[in-house]
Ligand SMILES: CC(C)(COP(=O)(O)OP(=O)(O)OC[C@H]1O[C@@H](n2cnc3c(N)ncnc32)[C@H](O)[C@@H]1OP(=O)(O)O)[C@@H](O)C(=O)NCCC(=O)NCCS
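Listed next as structure tokens is one chain, alone, in the form predicted on its own.
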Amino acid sequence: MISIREIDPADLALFDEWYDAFRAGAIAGREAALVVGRETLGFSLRTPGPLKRRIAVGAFEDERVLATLLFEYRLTDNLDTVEVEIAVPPEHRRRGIGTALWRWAVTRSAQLGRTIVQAELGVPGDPSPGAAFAERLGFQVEHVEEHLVVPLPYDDLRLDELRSAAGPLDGYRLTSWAGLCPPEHQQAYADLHTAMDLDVPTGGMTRELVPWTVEKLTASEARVDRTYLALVTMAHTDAGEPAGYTLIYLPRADAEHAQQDDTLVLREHRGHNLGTHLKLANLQQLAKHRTAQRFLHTWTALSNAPMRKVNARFGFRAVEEHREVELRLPRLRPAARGVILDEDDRVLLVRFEFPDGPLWATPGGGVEAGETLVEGLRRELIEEVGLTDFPDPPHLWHQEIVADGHATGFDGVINDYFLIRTNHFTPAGTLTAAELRAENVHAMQWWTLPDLDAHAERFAPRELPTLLRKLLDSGPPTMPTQLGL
């Protein structure tokens, strides 16, 4: 069976196995894929910061990691969004594993109350498996950039030609540093970061822009400095006013790749070849600090014609499209439910009383934000029926219902069903009869398959007798089956 679960990044052997699958899926079919390094990602997962949470999720078969999900969300801003990256190595594709990881992401997003899912895709050409998968899920392309690469070390002849063509730098002075921003430049550098966020094209992506402060800058740099050396060149006017900056990240543990990140010239200072001068000065820093890195990467929006021309002059070559995609989800209430079978294959159901009539359903209920599905299931079953001791159960079915009336204050529900085998018992949970009635639960009963077939009232899911018969005949599915109503 395929199971989806979070990994503990402090388990170094398991993290290495997870990272190997993550990288294999991310680079497949791409000429110059840039993937976050093992040490960088491991540090981020093991020592979370105050601004963002990252979760590593694996698809397991016989305790072997087949594929991966990196799930991220911000903690102080952009509180409606999550970011996902699903990476399935080619040998495990077309088995539904990516879909199973996606369902985990949908459920966790619902637990967090977040309804906007964002992702980034490296697309070397069409057809692209990742782009096709995102399109099938309903993602819309909101922004497209070129991913460009130039080989290192840099061509000195090209740089000499660029210096000559750029001419003198009149009216400005440049300051360069490696590592943390010097205190005397922190406020200007923070202000330039804010200007960059406002200036950079983002298409239709949903973004809440938060101004940079010195405190935010220093906290961000402190985390980044653990795994990257920042190379920065800033331009000031002769009068001391900031005019622009450029930034290269040199990974401390990646012998292959460096990243040309931001380049900004404030609008009132454009037209003086300042961007070229900034890049040339920072490439001098790169030549000084570079170890064995063989490629310099950058990204430029298709709509940013001036910067594309600059990149071409510097010898960058486009290797793929970088697509930013987004999907809006309905607001669903996540729930975990137990398909509890005794030694005689009887199933335990609870009777709900609603204004439109009674409904027999599997026990369970809503999963809270800090719980996994199985943790929520265990809590609900203790409260509802008194079942306390069972191993982690197989995941049987996944159901997403978008319709009114299923959960107050929500657009619908997500139900995840798990198989629990147990000896027959008399259900008696920690909730009192009055507390159960307050949740519309009025009875509990064990059912045989013939009892289910002969009953005229409603079940949830609707095809419960058929689903149970298939389960008893064939056993649990390899991975969760998608259900309708």
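So that there is no doubt, residue numbering starts at 1 and follows the sequence shown. Here the structure is a predicted model, which means the values were calculated and not measured.
The protein also exists as the form predicted in complex with this ligand; that form is not presented, and the subsequent description refers to it.
In short, of 122-130, 328-336, 162-170, 142-150 it is 122-130 that has heavy atoms within 4.5 Å of this ligand in the model of the complex. A residue is said to contact a partner when one of its heavy atoms sits within 4.5 Å of a partner heavy atom; R114 fails this definition for this ligand in the model of the complex, lying far away.
A residue is said to contact a partner when one of its heavy atoms sits within 4.5 Å of a partner heavy atom; S220 fails this definition for this ligand in the model of the complex, lying far away.
By the criterion of a heavy atom within 4.5 Å, R136 is counted among the residues contacting this ligand in the model of the complex. Remark: E380 does not count among the residues lining this ligand in the model of the complex, judged by a heavy atom distance of 4.5 Å or less. The partner is absent here; in the model of the complex, the one residue of I248, I340, I414, V84 having a heavy atom within 4.5 Å of this ligand is V84.
Among T99, Q259, Q284, T213, the residue placing a heavy atom within 4.5 Å of this ligand in the model of the complex is T99. In the model of the complex, G25 is the single residue of 22-37 with at least one heavy atom within 4.5 Å of this ligand.
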